[in-house]
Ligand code: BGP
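Here you get one chain, nothing else, as structure tokens; it is the form predicted on its own.
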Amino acid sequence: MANVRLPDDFFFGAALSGPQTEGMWKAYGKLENLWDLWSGENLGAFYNRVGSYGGNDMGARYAEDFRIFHELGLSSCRTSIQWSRLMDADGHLNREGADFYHKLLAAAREAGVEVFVNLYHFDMPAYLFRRGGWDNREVVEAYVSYARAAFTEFGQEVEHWFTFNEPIVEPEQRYEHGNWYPFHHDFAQARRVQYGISLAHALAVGAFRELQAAGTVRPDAKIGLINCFTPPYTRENPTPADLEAVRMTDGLGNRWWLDLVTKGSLPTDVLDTLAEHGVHLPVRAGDDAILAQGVVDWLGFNYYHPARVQAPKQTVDEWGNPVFSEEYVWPDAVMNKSRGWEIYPQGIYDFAMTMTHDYPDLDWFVSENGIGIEEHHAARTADGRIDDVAYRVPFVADHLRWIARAIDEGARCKGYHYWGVIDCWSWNNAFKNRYGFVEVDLQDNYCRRLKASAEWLRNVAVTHVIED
């Protein structure tokens, strides 16, 4: 196989988030967020009892981390402002928090790294969650006030903005599957929450456009949304019921957001099917005009695994919720056993082709992709480094090859951000699975050490060549 080269203007960077890296959970006037709330109520729910408090210490080390990104040849990174750090409990700007983020952005500029800013990464202030969260229109309005404050405060510093990271995850994890606090199993509530997030996104984009027109936001700034799109597949020789499972899986997790950010509306076929099963969204007069504001400048695509589904054996689950699909176990699947996710690099190409055919005018980039491995310290060599080359390099290389092929065939993919270039805290899995090209040593005060794969990343980021 010949070497593959990505375009010269294709960018490489790092993906991260505020709540998973910053730590300092009470510093700079930060309020309690949902992860702090869960950590405080049940620390035992977190791997090795490592709750939300520490992150990976980036809040104290951001200048060092930006230098590491630059030295690895990365020109950008995407992180998030924490709503609970930027705003106070009365919904006003918290000056201490704002100053922290100004310093962080300045350190990135000094290191030669552009920061893409995301406004929400599953970290709602706890007092707003107690008021109903995304199921309450007042909380939606509070988010828009927060977004306006961020655009106003940092509008001349930040070029690339995103309203949400993975807006499908909270409806699923918190309200449908019951994996995250508050552990609900209510499909209808999950869809109401999904709708509330959709409105919040659209209103924030509208505020961005207004403030940009007024000169508060720089004229070259762009706004987008990031989601974990999962290309759907089913078994060979599918039945009509299998194809129906694909349609609804794709509709709820992918097309819902793609239609919102390209058409300013939600997919009618999905809403009709929900209504047929007694699931109705809390639509109000004027909502169509709100959603119409949600069209973005570009899109972030987080990709870890495909969705393999088939017709469900039952149409209602044990909690009385409608069931539209169940997992199909593909016999040829290659698995990351640490995470329980299928490794399928071609999925990134298949999504790219969907974008090219169905949403041809929208630029996008791979905003997260990565592999997390448990017990990574078992591969520590005599010189103290983690030798992760055997699994991390082929994982990333294979995905990049499929991206290059997609670009050659017309995909408007502009760049690639690797998730967790530096190991970070990952929700209730804490530091169980390590994603980084750079180790965070929890036994040595969060010390950063390059893993064996880091030199490979540097070479690819600088040369844009993926060698055979």
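Since we're looking at a predicted model, the values are computed, not measured. Residue numbers here begin at 1 and follow the sequence given.
Although not depicted, the form predicted in complex with the ligand is the subject of the following passage.
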>> Whether Phe122, Trp341 and Trp419 jointly form a contact site for the ligand in the predicted complex is the question; each needs a heavy atom within 4.5 Å.
In response: yes
>> Within 4.5 Å, heavy atoms only: does Tyr28 come near the ligand in the predicted complex?
In response: no
> in the predicted complex, does Glu244 have a heavy atom within 4.5 Å of the ligand?
Replying inline: no
> Is Ser426 close enough to touch the ligand in the predicted complex, meaning at least one heavy atom pair within 4.5 Å?
Replying inline: yes
> Any chance Phe69 has a heavy atom within 4.5 Å of the ligand in the predicted complex?
Replying inline: no
>> Among the candidate stretches 355-363, 89-97, 159-167, 193-201, which one is within 4.5 Å of the ligand in the predicted complex when only heavy atoms are counted?
In response: 159-167
> From the list Ser76, Thr249, Gln310, Asn302, which entry has a heavy atom within 4.5 Å of the ligand in the predicted complex?
Replying inline: Asn302
> Which residues in 181-215 have a heavy atom within 4.5 Å of the ligand in the predicted complex?
Replying inline: none
